[in-house]
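Form predicted on its own, single chain, as structure tokens, below.
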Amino acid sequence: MLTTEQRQNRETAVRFMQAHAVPQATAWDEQGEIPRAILTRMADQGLLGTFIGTGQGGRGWDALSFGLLCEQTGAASASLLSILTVHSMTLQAVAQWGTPEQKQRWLQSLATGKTLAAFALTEPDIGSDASNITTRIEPEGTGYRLTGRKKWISFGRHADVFLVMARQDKLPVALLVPRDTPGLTVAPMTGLLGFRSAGLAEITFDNCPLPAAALVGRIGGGFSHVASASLDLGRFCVAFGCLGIIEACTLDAVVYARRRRQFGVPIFQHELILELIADMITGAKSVRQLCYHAAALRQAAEPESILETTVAKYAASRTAARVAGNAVQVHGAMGCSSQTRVERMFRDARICEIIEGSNQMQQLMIARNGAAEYLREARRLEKGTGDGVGA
């Protein structure tokens, strides 16, 4: 059950997305661009820094309220969700690991949406193997020089500042790099399967000069602290965004199945269509529980929230891809056309199985970390009975 405040926050998100995003999302997808004015409207409504405290320019929303915003954004436009995600990941890094000076310069500007950010980790030859990125910094005077390339960077086309993962020698580092830094160039990316209006770009850093104040966190903590916290939030955003895709696809499939007639009756009366819809409804309800559980643990700052968020993202993205496929199937030929939003959501849902860690990487994390729970239970049972599990 949602609290009164959470219901109000959800309604704020619903009203905004229904008024400004849902009617335009397909056009954005076709044009390959989300107008900056939409992000300005989100900023004006305080929707770009909801989880930051009111004293720092945010709205002070709890974790579930932020998740509900991501859900409604995903239901409207996965591309807009992607922009919200990477902006929030950078905001999270500054709030958690930034120096007082960095917070003074960036935190309120990011939380209010005056400055928009992107997260730059992936490289042309490095994706899941993030520990081997080649982008590097070298000390020069009191600062650094940054050299390297990043690719598939959501909102890279328009971001004002980038949270960049790099290395100093063998030590991972995180840096805040403004867009106007000399030597930084942006190449837009097109011809994409999904997230077509998320402003993806390839970023090149050609001996870019940076002050020492660009470093976020300590040298050596770029992955273990800064990136891991940002990616955890990114997975949280994507999990709830996938829930939005699931709910939207299920809604459209049910409405269409009630209206579309074949063999003299609505196709909703055909049992194989009902089988598809039953699977969609079950997926929606199960994913919601996983997402809400992850939000509760995140709000309580429980250590296991990281694993449960990973579980939620993995399950939600797999379910979103399946449900979107079912929605296309229910719509038949119409589902293969941009006249329906399920066609766009089918493409976007596939991307959600890759971003913020591919599903295969999520499986490794879940198995390795989740197995510890079962090993502890096995030891407890052995101590209590003297017999091993399954004896």
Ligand SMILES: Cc1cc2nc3c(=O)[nH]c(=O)nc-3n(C[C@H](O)[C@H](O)[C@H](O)COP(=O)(O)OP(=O)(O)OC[C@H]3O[C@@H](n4cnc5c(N)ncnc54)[C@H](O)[C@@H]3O)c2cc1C
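If you're wondering where the values come from, they're calculated on a predicted model, not measured in any experiment. One rule holds for the numbers: they count along the sequence shown, beginning at 1.
What comes next is about the form predicted in complex with this ligand, which is not displayed.
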- Query: Counting only heavy atoms and a 4.5 Å cutoff, which of 121 to 129, 134 to 142, 101 to 109, 166 to 174 contacts this ligand in the predicted complex?
  - Reply: 121 to 129
- Could you tell me which one of Ile351, Ile52, Leu47, Val330 places a heavy atom within 4.5 Å of this ligand in the predicted complex? Ile351
- Query: Exactly one of Ile355, Ile34, Cys70, Met42 has a non-hydrogen atom within 4.5 Å of this ligand in the predicted complex; which residue is it?
  - Reply: Ile355
- Query: Ala316: heavy atom within 4.5 Å of this ligand in the predicted complex?
  - Reply: no
- Item | Contact test in the predicted complex: Gln339 vs this ligand, heavy atoms, 4.5 Å | no
- Does Phe205 reach this ligand in the predicted complex if we count a contact as any heavy atom within 4.5 Å? no
- Message: With the partner left out here, check for me: in the predicted complex, does some heavy atom of Val238 sit within 4.5 Å of this ligand?
- Response: no
- Within 4.5 Å of this ligand in the predicted complex, which residues of 199 to 228 have a heavy atom? Give them in sequence order, or say none. Leu200
